[in-house]
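One chain is shown next in structure tokens, namely the form predicted alone.
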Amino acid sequence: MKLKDKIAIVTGAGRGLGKGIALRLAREGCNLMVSDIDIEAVKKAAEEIKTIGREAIFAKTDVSDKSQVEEMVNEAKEKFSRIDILVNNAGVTTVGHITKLTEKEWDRCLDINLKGVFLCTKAVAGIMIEQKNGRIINISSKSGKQGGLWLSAYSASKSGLIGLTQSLALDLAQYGITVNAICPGIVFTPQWDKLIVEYAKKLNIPESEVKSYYVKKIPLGRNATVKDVANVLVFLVSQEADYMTGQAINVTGGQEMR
């Protein structure tokens, strides 16, 4: 257990990548606060963590709402007395041609993917500063390195997140806190599957061919898995990565190399 008895908060932990990350952190020894907008899903995630033998509490949290974020963080601090790790995973993907994308869709994407990270980090930073230690991981995307077709809002939010990561790393370095981003490539999570219809439209191909279309673009010949992302995350929040901060690490199978 590389992270025995560390305390972690994972947002967007009800399913998919966030849930997988939370479970992996539990297996590495963490006790967790898991949050999600879907209260039933995150409750189940907390129950799964407990079966691993770790403590877990959960909260329904809209990360774009300051009061809900502060309530989540305060509850975690009250329960565990400290917060060692924050994983800003909560996010949405907005797909649409710029002429069709609505202002409401744009605002929702930026509010959750970028403002949400700002609010969560701000709420946790004071606690970590007092501790003189902490690890913050922001889940960005390969689309934060290079914009994607019909992904203007999403790419803007994830690119902004890389810039935010670098600035936060500078703000918090003097307190022994590291801030890094992970930029996954194609991970076939439930959220991704919900967008198959939109991807098929923008590529003008049948829905059944969408996944294979994207996999063919990956040099290593397969999509990323939750385990691939979690492996990098565990390293970045461990003592082995003490000297790494402000980085945006690609987990893309060679599809993105910058």
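Residue positions are given as counts along the sequence shown, with the first one as 1. The shown structure was predicted, so the numbers you read here are calculated from the model rather than taken from an experiment.
What follows is about the form predicted together with a small molecule, which we do not show.
In terms of contact with the small molecule in the predicted complex, the residue from 168, 139, 177, 119 that brings a heavy atom within 4.5 Å is 139. Proximity to the small molecule in the predicted complex, defined as a heavy atom within 4.5 Å, singles out one entry of 70, 38, 207, 47, which is 38. Taking non-hydrogen atoms only, residue 134 never approaches the small molecule to within 4.5 angstroms in the predicted complex. Proximity of residue 172 to the small molecule in the predicted complex: non-hydrogen atoms within 4.5 Å are absent; the residue sits far from the partner. Shown alone here, residue 31 lies farther than 4.5 Å from the small molecule in the predicted complex, counting heavy atoms only. Of the heavy atoms in residue 225, none are within 4.5 Å of the small molecule in the predicted complex.
Stretch 87-95 is the answer when you ask which of 87-95, 145-153, 122-130, 74-82 has residues with heavy atoms within 4.5 Å of the small molecule in the predicted complex.
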